[in-house]
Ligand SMILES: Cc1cc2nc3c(=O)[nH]c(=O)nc-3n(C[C@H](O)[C@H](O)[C@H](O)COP(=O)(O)OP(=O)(O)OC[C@H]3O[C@@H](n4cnc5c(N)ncnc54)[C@H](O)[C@@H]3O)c2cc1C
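Okay, here we've got a single chain as structure tokens, the form predicted alone, with questions on binding and movement later.
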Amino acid sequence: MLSYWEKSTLIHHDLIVIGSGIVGLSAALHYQLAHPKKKVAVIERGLFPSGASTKNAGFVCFGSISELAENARTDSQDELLSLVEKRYKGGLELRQLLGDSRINYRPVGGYELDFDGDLHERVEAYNDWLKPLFNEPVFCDARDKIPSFGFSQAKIKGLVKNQFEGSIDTGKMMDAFARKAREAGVQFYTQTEVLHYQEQTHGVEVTVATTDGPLRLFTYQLALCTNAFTKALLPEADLEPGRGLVLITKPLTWAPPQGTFHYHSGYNYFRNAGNRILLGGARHLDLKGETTTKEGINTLLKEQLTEDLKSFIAPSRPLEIDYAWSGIMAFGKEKAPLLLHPSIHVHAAVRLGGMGVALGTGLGKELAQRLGATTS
């Protein structure tokens, strides 16, 4: 049963954002800052975000040479350059908004492992292509670092560095985002599942599950920021889930390589996390099986990542896997993020394509601006 106070004030909002990941927090924060007198709330079904915002590897990146080459099979050069720009500037926006120290940003560079030994031959062409955006070389030959990183020289024939990539502490980043949103006035409802919503003449009725049964909240505008899970609310959206697996070693007795590393066209990646190695990816080995919104560990992927770790990333080094987890991403026919406006009071910002750290802040800000343009 609701009290008079709850009915008259607490269930009414100007904006409800469903999803407390990077996009949702960015949208809520930017809207609240632009409209400080408005009442904004974020609803999250879990204690922590349910997608990949707190489960990613903490890369601030925009694509290795092989990954960009694969993207170029379906996108024009202009489309791809625009996407690289969004990814790069999105990472800058994240850092400027929260501050490098608060998210533990480290400009360690990004390295792509080359198993054939000819990747460095493509550096000049890609630097020329990216020059209009960066005005200086992005990639350089880094084969000389292979021995110092401790990689297997029998398997790793080349190494290319991207000087504009870095790493963050994902947990600190999400904590800083939530703190900043709360300080601005955003309210949070976690462990609160949205059952459905229904648009009305002057807003949207949002029904959520509570321990006392379903509860109806009311909002003038509704923002869906649930990435792959948005398909349940907007079946027509061009969204396909993609589960990502991540492993982490137990603390090492030796110093792991410092940097962010990619291989197999960006599908695989690893980095140091303190004195551990964090390794993830391999989704391409079972794309059908990983097209799911269910968390879980794919044994095939886990075994291959473990083998990679022991065979060429840290050969002959003592190490042991500590634990693993998965995060749910969203992909589509196109690589660019998706902004939708399915009805007069409902908006959505989804489909980060595995680049949530780079794209999420900018996409959330763009959504907030669209919401602000329709605010009564």
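Predicted model, so just to flag it, every value in this text is computed and none were measured. Residue numbers run from 1 along the displayed sequence.
Here the subject shifts to the form predicted together with the named molecule, a form of this protein not shown in this document.
The listed set 159, 97, 233, 178 contains one residue whose heavy atoms approach the named molecule in the predicted bound form to within 4.5 Å, identified as 233. 244 is the sole member of 110, 256, 91, 244 with a non-hydrogen atom lying within 4.5 angstroms of the named molecule in the predicted bound form.
Every residue of the trio 24, 229 and 269 has some heavy atom no more than 4.5 Å from the named molecule in the predicted bound form. Not displayed here, the named molecule is approached by residue 194 to within 4.5 Å at the level of heavy atoms in the predicted bound form. In the predicted bound form, the named molecule sits within 4.5 Å of a heavy atom belonging to residue 52.
Under a 4.5 angstroms non-hydrogen atom cutoff, the named molecule in the predicted bound form has residue 357 among its neighbouring residues. The named molecule is not shown here, but in the predicted bound form it comes within 4.5 Å of a heavy atom of residue 56. Of the stretches 132 to 140, 116 to 124, 146 to 154, 244 to 252, only 244 to 252 has residues with a heavy atom within 4.5 Å of the named molecule in the predicted bound form. For the stretch 301 to 331, the set of residues having any non-hydrogen atom within 4.5 angstroms of the named molecule in the predicted bound form comprises 327, 328, 329, in sequence order.
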